[in-house]
Structures are given as C-alpha cells and as structure tokens.
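So this first bit is one chain, no partners, the form predicted on its own, shown in structure tokens.
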C-alpha cells in the first residue's frame, strides 16, 4: 500500500531541491470528510498532504490554470509543476501530452497506485453507514476499506463503496510517472463496460425516455465542463460566455459571434449541449468520473462518455490515455478501419 510518509518525503525532496514550483496534492478540507486540492509551495507544508480513499479529485485539471497563468506572466517560472496522480488521472496527462497541450518537462509526476482499491463514492458510503459521521477512512491490505465512526471501526468490502469508475478501471496504477509509490498490481475488471451495457440493453424508446428525464433536469451550470481536464479550449463552442476576447477583438466581431445554441436550460438545448460535449470527448475521455461527481442534479453524464469509450474500443481497438506516443483517435487512420458509417 502507498505509505503517506513516503509521499510526503518525495514531495518535500522535490520542493527542497527546487525541482518544482509547487506540488498539487490533497489536504483535509474544512467541509467534512472529503479532501480539498492542496497547492504546496514550501517544504515544511508537506505535512498537510494526505492520501486515503477520499482523494477523489482529478488534479490534472489545474494544469490548465497553470498554463493560462504562465501565458499572462512576462517572466514565468519555467520549472515544472509537481502533481500527485492516480491511475485514471495519469491517463488524462497522457491525452494532454498527445494533444501537445503540455510538454513532458512541464510536469513532475508523483504516481500513486490504487492497487486493489480505489476511491470511494460519497453517496454509497453515506447510504452504507446510514449517515453516521465519519471520523476517518483508510485502506486495508485485503481489498477492504476501514471506516471509523464514533461507534468504532467498520471494515467494508471495497467493492461495496468504491466509485463506479473504480470498479471498471483498467489503470489502477499510473501509466506515466517520474516516481511511483505503491505496487504495480494489475487489476483487470470482469467487464469494464458493464454500467453502459445496462443502458444499451434498453429499447430505443426506453433509452429516449431515460435521457429525456435525465437531461430535462440540467440547469446548464457547466460544472461538468469546468471540472473536466479535457475541456481546456479558450473558447467553448457550446458556451457563448466563454468567448476569447483579446485587446484586438473589435465590437463588430463580438456582435457577430456565432451563437450555436441558447443558454436557456430547455430540453432541446440541453440535448445539444451534452451530445456535442460527449462527441468532443470521444477518444479523449479517460473515465475519471469528475463530470458526474460534480453534477448538482445527479445526471449520469458518465454513461454518455463511457458509451463512446466502448465504441472506440470495439470499432477501432483504441484505448485513450495509455500511450503518449500514440496518435489521438480522431487524428489517425488505418485502412482496416470500419466504414459502415459512410453513406
């Protein structure tokens, strides 16, 4: 298992040697059990770092902010950013490298292996413990998670409270790293697409009714887009507020800006927003599940992205985020690619 002291030691060493500007990791939050992203700049502050089954965030999202910050600075600090990544998070880094959004020298990757566990689903955990206040949560060595409440310690099989993405994960240890903490124990899920196959088994009308019900709830808060490490465009085609305005942008250009869809959260516009976003993530989504986690209306957005991940695998034998030297799905072509979609 990953030793927290080893994690702190590694973070402290790279900060002390000034190999990185800062380290992005996890720390206890002031809002209950779940942690908050931590930005550690001083060696003595590494004591804030934590690593346990609640470390759910995909921290690679903050690399977008770092790149934007550097672009605004006249004399930016060119040292890399240190970042702690799980297996799924590391796949996001690979996609960013494939797309040349970041360079390998921009990041110092501290990889942590989930081994036989993963991160918990807060809703599952709350339901399992009947809303008891949790004081501590930690990994066990035998596929269990130990939860401490005022009533004592409870050992729960990890499979009962892990996030769905962890149950279907094909990268339980980082695929790219500078240093790896924990064991490289390969875990292959029985069916990595089990969740989406439940939706596929429905009739066409049932699926239509399902998505009508789900997407009618969307309030277009754009939390799913904001948390996604793959949504790094300066200008978003489905959000006219996110318009890249520079000092040279004229009033006429602003006025004539194409408006692809309305912002009003009506069902037709919600369908367009979610489907366009899903298509933009085809061959890029690495199933970190952050979009679904942050949705305030509990819309199962992950199903859309998982479906396209399944199609990419079955039609093109393509797995996103495993090889930084592999071309991206939409920029590659093979003679044997299926052409049934051509009319």
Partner chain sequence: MAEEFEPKIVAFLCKWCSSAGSDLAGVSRMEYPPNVVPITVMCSGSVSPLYILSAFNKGADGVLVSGCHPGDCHYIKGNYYARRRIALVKRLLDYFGLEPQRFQMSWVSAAEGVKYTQIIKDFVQELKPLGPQKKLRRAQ
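Only a predicted model underlies this, so the values are computations on that prediction, with no experimental measurement involved. Positions refer to the first chain, counted from 1.
Below: the form predicted together with its partner chain, not depicted.
Stretch 192-200 is the contacting one of 82-90, 104-112, 192-200, 143-151, since its residues have non-hydrogen atoms within 4.5 Å of its partner chain in the predicted complex. Exactly one listed residue, out of 262, 178, 138, 183, brings a non-hydrogen atom to within 4.5 Å of its partner chain in the predicted complex: 262. At a distance of at most 4.5 angstroms from its partner chain in the predicted complex, all three residues 269, 311 and 314 contribute at least one non-hydrogen atom. The closest heavy atom approach of residue 237 to its partner chain in the predicted complex falls within 4.5 Å. Although the partner is absent here, residue 51 lies well away from its partner chain in the predicted complex, with no heavy atom inside 4.5 Å.
Its partner chain in the predicted complex is approached by residue 204, whose closest heavy atom lies within 4.5 angstroms of it. Residue 285 falls outside the set of residues with a heavy atom inside 4.5 Å of its partner chain in the predicted complex. Interface residues of 319-334, taken as those with a heavy atom within 4.5 Å of its partner chain in the predicted complex (partner not displayed): 329, 330, 331, 332, 333, 334, in sequence order.
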